[in-house]
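The chain below stands alone and is given in structure tokens; this is the form predicted on its own.
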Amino acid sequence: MDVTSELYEGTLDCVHCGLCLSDCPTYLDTGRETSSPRGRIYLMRGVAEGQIELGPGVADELHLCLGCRACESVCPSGVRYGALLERAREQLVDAGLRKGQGPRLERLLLRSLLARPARLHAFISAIGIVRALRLDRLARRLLPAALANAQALLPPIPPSPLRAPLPSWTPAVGERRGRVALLEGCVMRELYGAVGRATIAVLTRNGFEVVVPEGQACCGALHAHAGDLSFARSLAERNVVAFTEQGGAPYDAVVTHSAGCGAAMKESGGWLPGRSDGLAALTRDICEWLDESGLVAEPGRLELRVCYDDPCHLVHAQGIADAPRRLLSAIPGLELVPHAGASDCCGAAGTWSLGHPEMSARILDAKLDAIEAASPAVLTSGNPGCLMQLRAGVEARGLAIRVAHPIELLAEAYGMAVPGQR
């Protein structure tokens, strides 16, 4: 089935009820019907029917969408909006409508930097050197706007030991309950290596042998969001081989510690029908897996007031909201404090915030207002883009709030303090 036919059939599920409008960040910001999920679906259908020209206006609206997929959580018809958006953006790329410096730079960075570990490591190291020499402001003036914004969003560059590859095998502590594989990730390894090590520590403490398979690749999420589905499929193919076809005993689960990566892996069956179904079925978010399998080691006490903020690609794309909260609540002394709009997008949305900094800031401000009102000591979320966006926002406001991944708090409750970002 070609892209046009696939898009047309997918749009027919939408009954235009409008229940998605109040959950769409871009509609709430602009008030435009075309900037809503049903408006964009109407554009996709109109193009497929030949009633609307596939031109710059359609391209602008489809790329204004954050892809947060909050609309999917409230849709009574089960419209697979995220998949439709990726296919529509692929159509725009094929039609040559992704022109200009920004899209070309995005494609170059995603293909030639993010998906190549050695190059990404060298790039992040260079940023660390620039910061150490206090050349940040000069770099921002010399870099293209999108890269300057990206550099400003990055957390402190972790020390070299935390950016080293994770151990290929770590035995279970105590009685062995199972064997899991871990997706190391690209951004997670370079900027949140402490989270990867905390993930292994918590899994092994709870009886799981952890393997980090060789040959694994970037999950392809950001490439798919940008409409580069062909490259995302090539990365998914490598992960199918690494996690399901290489030698050795099979895994009980393929664990991810990034919501965006987990959603991409779980939905890779749509990119590679029949080929990636096994990998998709095995994939579990770390909080989902620990909640599903249960903690056998009792955490120690942490006297902390904590807010948990839902990553969009965990709560909306994967349908996981309660598992992280149950894990945090299992830590004695930890007070889990609710805040308004916890499942609303923070405005990061992968690379989206780099191209839409003003709207991103407005979306983030509403989130920060709610967090500031709740007054936690720690703010947690399970996705690197969210962690970067929230940390930058908290820092800009001068709030004394630590931003961390939930698994870091669980590791600390076990007495496994791993140095990381504060």
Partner chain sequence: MPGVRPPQEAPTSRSDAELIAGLRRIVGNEHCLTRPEDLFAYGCDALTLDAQRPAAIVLPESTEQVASAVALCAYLQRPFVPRGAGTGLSGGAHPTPGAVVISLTRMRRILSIDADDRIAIVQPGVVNADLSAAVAHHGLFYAPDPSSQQVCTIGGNVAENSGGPHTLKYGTTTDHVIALEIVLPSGDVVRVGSDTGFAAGYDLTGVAVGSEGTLGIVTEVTVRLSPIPEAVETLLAIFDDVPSACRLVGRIIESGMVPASLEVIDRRTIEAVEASVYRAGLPQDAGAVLIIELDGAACELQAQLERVRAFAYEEGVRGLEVARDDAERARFWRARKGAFGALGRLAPDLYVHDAVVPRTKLPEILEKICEIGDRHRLRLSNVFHAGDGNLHPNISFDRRDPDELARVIEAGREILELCVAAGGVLTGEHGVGNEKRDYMGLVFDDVDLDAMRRLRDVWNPDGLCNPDKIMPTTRPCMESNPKARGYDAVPID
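Residue numbers count along the first chain shown, from 1. Quick caveat: nothing in here was measured; it's all calculated off a predicted structure.
Beyond the structure shown, there is the form predicted together with the partner chain, which is absent from this document and is the topic of what follows.
When contacts are judged by a 4.5 Å heavy atom cut-off, Cys75 counts as touching the partner chain in the model of the complex. Proximity of Leu19 to the partner chain in the model of the complex: non-hydrogen atoms within 4.5 Å are present.
Residue contact with the partner chain in the model of the complex: Thr30 places a heavy atom within 4.5 Å of it. Interface residue remark: Val58 is counted as part of the site for the partner chain in the model of the complex, having a heavy atom within 4.5 Å. For the candidate set His63, Arg391, His356, Arg45, a heavy atom within 4.5 Å of the partner chain in the model of the complex is found for exactly one residue, namely Arg45.
Residues placing heavy atoms within 4.5 Å of the partner chain in the model of the complex fall in a single listed stretch, namely 35-43, out of 393-401, 35-43, 364-372, 377-385.
Taking the partner chain as it sits in the model of the complex, the stretch 227-266 never comes within 4.5 angstroms of it through any non-hydrogen atom.
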